[in-house]
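Quick heads-up: it's one chain on its own, the form predicted alone, in structure tokens.
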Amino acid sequence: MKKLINDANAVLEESLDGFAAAHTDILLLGAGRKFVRRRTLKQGKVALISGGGSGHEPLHAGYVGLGMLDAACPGQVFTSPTPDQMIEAAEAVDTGAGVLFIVKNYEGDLMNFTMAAEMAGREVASVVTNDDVAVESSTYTTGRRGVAGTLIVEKMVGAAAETGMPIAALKSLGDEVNRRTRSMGVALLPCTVPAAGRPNFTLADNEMEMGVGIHGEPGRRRVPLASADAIAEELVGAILKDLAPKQGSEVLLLVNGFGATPMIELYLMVNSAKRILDGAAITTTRFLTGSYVTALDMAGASVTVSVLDAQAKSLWDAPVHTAALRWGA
């Protein structure tokens, strides 16, 4: 294992210290490194909190700031945060309008966020993301996994929260954005969890995992390596079959790297995916390309398509100022 680490058991703590130091203008590290929170809170705004196992950076801490999250709770690598983390984060960022949890559909995350909501002693609602069309159940889930579409939910709900939208309306919005969003990924190489010191699955030189999860969970099947066009055809085809957007629909296209995929390949995938959407009479009017929801050092990518209406476009375009996303602010 070759990684930039000092102690495999202290990776998260040392990384969080560096992250907080690099972005001291917009965020603070909570006591005991239990959460990352916005430095400046907006009074009377519903507080948005997300979190999950580390190793997916910049998700979630990278999206703390203006126009997105008020706090993020990082668990150890690929391990859910504990309920006390969310309870303390809620106490730190709730300014009186309630708290909305945004939770990826993994059993550990659901259990611990649900416990935190029950124990928080304040108004808490939750949005659960489950945008992955690859499989109906997986290693860590009952039902579909929450993957890169979570970023889109966090951005749009975060923008709406900045306008003063109340908690019930924000939950409804988050649920609707999740319903309009689908994703699917492919792995070319596995990832290595530092504490384990070895890849968490194996692929032959001529193989890829079609439909892989963001922890390296199995996908639909293991298949021979194919061209980018063929990969995009399967990923986008599965998304469109499930999402069933009307011809003429406008969409956001997110091509997301898993951590070890260079930008030149991601933009090549944008070209392939857009061509397929064009052929289906779907108009791509918003794009996001880069490594935004990763799986440590996994090589591969995911494609996410989110159907847009006028409100969604306005919320996506709204100002955002976080460590990982910045525009219009």
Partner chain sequence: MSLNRTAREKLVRALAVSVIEHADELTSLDQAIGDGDHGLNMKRGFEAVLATLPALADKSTPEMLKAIGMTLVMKVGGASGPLVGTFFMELGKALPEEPARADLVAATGKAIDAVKARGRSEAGQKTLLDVLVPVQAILAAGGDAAAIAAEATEAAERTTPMLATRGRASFLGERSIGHMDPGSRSASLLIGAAVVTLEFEADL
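All of these numbers come straight from a predicted model, not from anything done at the bench. Residue numbers count along the first chain shown, from 1.
Not on display, but discussed next: the form predicted together with its partner chain.
Partner proximity in the predicted complex, defined as non-hydrogen atoms within 4.5 angstroms of its partner chain, places exactly one of 218-226, 242-250, 167-175, 152-160 at the interface: 218-226.
Under a 4.5 angstroms non-hydrogen atom cutoff, its partner chain in the predicted complex lacks residue 98 among its neighbouring residues.
In the predicted complex, its partner chain lies farther than 4.5 Å from every heavy atom of residue 125. By the criterion of a heavy atom within 4.5 Å, residue 112 is counted among the residues contacting its partner chain in the predicted complex. At a distance threshold of 4.5 angstroms between non-hydrogen atoms, residue 107 is in contact with its partner chain in the predicted complex. Contact with its partner chain in the predicted complex, defined as a heavy atom within 4.5 Å, holds for exactly one of 92, 135, 238, 120, namely 135. Of the residues in 189-212, those that come within 4.5 Å of its partner chain in the predicted complex through at least one heavy atom are, in sequence order, 193, 195, 196, 198, 199, 200, 209.
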